[in-house]
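Have a look below at one chain only, the form predicted alone, in structure tokens format.
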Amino acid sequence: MTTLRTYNGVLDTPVEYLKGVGPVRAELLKSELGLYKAGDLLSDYPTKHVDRSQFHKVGDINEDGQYVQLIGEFVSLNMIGEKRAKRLSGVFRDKSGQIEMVWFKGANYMAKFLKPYVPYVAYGRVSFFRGRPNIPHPELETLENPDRLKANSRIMPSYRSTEKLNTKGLDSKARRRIIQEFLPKIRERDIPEFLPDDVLSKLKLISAYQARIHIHFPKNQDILLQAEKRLKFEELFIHQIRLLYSKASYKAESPGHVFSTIGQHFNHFYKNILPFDLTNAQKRVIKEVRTDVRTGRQMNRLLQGDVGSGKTVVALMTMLMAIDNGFQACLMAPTEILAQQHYQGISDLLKDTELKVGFLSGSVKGKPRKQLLEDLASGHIDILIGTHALLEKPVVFSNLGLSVIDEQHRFGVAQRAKLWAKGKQHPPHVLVMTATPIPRTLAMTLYGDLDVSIIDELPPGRKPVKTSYKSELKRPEVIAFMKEQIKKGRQVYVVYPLIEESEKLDLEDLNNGYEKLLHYFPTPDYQISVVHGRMKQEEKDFEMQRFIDKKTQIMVATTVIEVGVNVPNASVMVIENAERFGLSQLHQLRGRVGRGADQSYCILMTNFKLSADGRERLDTMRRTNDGFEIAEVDLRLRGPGAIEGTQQSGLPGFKIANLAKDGAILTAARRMAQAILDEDPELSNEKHKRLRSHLGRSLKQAKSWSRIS
């Protein structure tokens, strides 16, 4: 985020000294919005702009939701209702007709302010009630000052606000007036340019000063677009240059173990054990890893790949590189059942070798735990697989060279740092895996300081999951299909949504659904497992294990089964109330089936009424199995903060840039930042002097901008 900063200028003026603010309002601006100085107000950009150059007539209003600007007067003003139902109703007329304007909030304040038969300019959104139009909470200006009307007949900014600000007379309109008052006092010297001249000319960007003036009160739509382009670019550019510098510094300053040889364990596995051919994507990633681990610098690589794309095999072959060079490797997973599955799968693949694979979790206790820790410290264990238990102090490696972390967003930074500290001479190489497809723009922003590898193809022979969506009318058809699949020896998941705000309600949904399923699938002919977030971990693991062991045919669950459960025999996924899930989450759930040789199916059960976004989500699921395409649609529909796996990842809070819409600007910003750092890694050239100064000053670290990371 770009922080605007000047010295002893108008932008340093405390907000209480700005015309129209004062001490009381200043405290509200500080507490509600974090705005302390004039410069903060200037950098708090409008949330939208509205065209106030057009005027309408009451008689022409015919569309619900349209924004209109009217000139007229109130012929009556009445307070209606009592207590919470109290509202102010005003009949507003012009020569063509009349319309009701109504205030539910701040009614008493508006009743004191408004006067009948005084000319006003009114602006607001039309709403129809019982077939008649009204305008709730319109913006109003008196027509006593013709100059003000002229000034307002243009593209106008609208600002973020809160209920407290609105009731205290600091709504968007008041903010607009405050900024209008001090904007003419700002000079170009108050906002010095900090982007290099060649960047400005290549991308045809207006100056920092022009952008900040025009973003508030643009003369026309073209100037507004230019201001937005400049401000979005600089915000993304500054973020990217910090990330890229951090990445370069980390690489330069973080020595790593050298895996100089590809030895017998890797070659034997590749030639004699690997049960299938690697895809081209897997081969490409292994080459990228191979390049990393022989440089003498610590590898810090993110491996993205859809469910079933073969990330674990790539991780195992990286572990074998470590072992061939005299090191140990570990793999950490977020849950015991996922760690167990990794342990089982890797142990099976290595069963005919002399390599020793160990497992550690909180459930490993007593003598087995003691023996395992001794074997690990003495170097008799080559690969250790487990949960958070790997981070505990008694867990000491003889010579840890590689750490693999699965579903890394489930672990905090401090937790991961404990694992790095278990390396002896150097921290281990790091390979982070995620099955959550992350859109390119998000990956560039969240993981811009990591090297990113992508496995973007599935192993040959893997059948795409067939997806359909059904309404409640089709329930008998779905039940019959489930019975048919179970008769063939398959297993079925039935998943209910878990929305944090209504966990109790969702549990009722699951319990009601379970009761209905018992009616359709009675014992002893059928057995059903139930798993949800309120169960203890041992209970969840017990139920999941029964399903894995085929003792139950149906698993009724909330989204706790989303990550990592691998049951190749499960071929049907039924998702109830599918419209309540995000796209990426639906895709993750669908990934629980389609893991065996049989054709698999995902059935999305929905309500009769679907929103436009809901229908697009379900159509996207039906159309494609490509997780990255799905993630891009999800980003566009829901925004970056809602994408599964990103909530805890330190997503930057941009003021004006929108990762869902500004991918092209982000790409240009990253390319430009990379080119500048390639040419001038320390920004020591004269042409980069003001950029270096801005980076240091913006974080109050003028001595060395290299500390910005």
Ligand code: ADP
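Just so it is clear, the structure is predicted and the values come from calculations on it, not from any experiment. Residue indices: 1-based, along the sequence shown.
Keep in mind that the form predicted in complex with this ligand is missing from the display, and what follows is about it.
#### Entry: in the predicted bound form, the residue from Val556, Ala578, Val307, Leu320 that sits within 4.5 Å of this ligand by heavy atoms
Partner contact (heavy atom, 4.5 Å) among the options: Val307.
### Message
I need to confirm a contact call. Of Ala111, Ala377, Ala248, Leu278, which residue comes within 4.5 Å of this ligand in the predicted bound form, counting heavy atoms only?
### Response
The residue from Ala111, Ala377, Ala248, Leu278 that makes the contact is Leu278.
### Message
Does any part of His214 reach within 4.5 Å of this ligand in the predicted bound form? Heavy atoms only, please.
### Response
Close contact is absent here: in the predicted bound form, His214 is far from this ligand, nothing within 4.5 Å, heavy atoms only.
### Task
Answer yes if any heavy atom of Arg462 is within 4.5 Å of a heavy atom of this ligand in the predicted bound form; otherwise answer no.
Looking in the predicted bound form, residue contacts with this ligand include Arg462, since a heavy atom lies within 4.5 Å.
### Query
Is the gap between Val313 and this ligand in the predicted bound form 4.5 Å or less for some heavy atom pair?
Yes, Val313 lies within 4.5 Å of this ligand in the predicted bound form.
### Message
in the predicted bound form, is there a heavy atom of this ligand that lies within 4.5 Å of any heavy atom of Gln226, even though the partner is absent here?
### Response
Outside the cut-off, so no.
### Task
Look at the stretches 526-534, 163-171, 607-615, 299-307 and give the one with heavy atoms within 4.5 Å of this ligand in the predicted bound form.
Heavy atoms within 4.5 Å of this ligand in the predicted bound form occur in 299-307.
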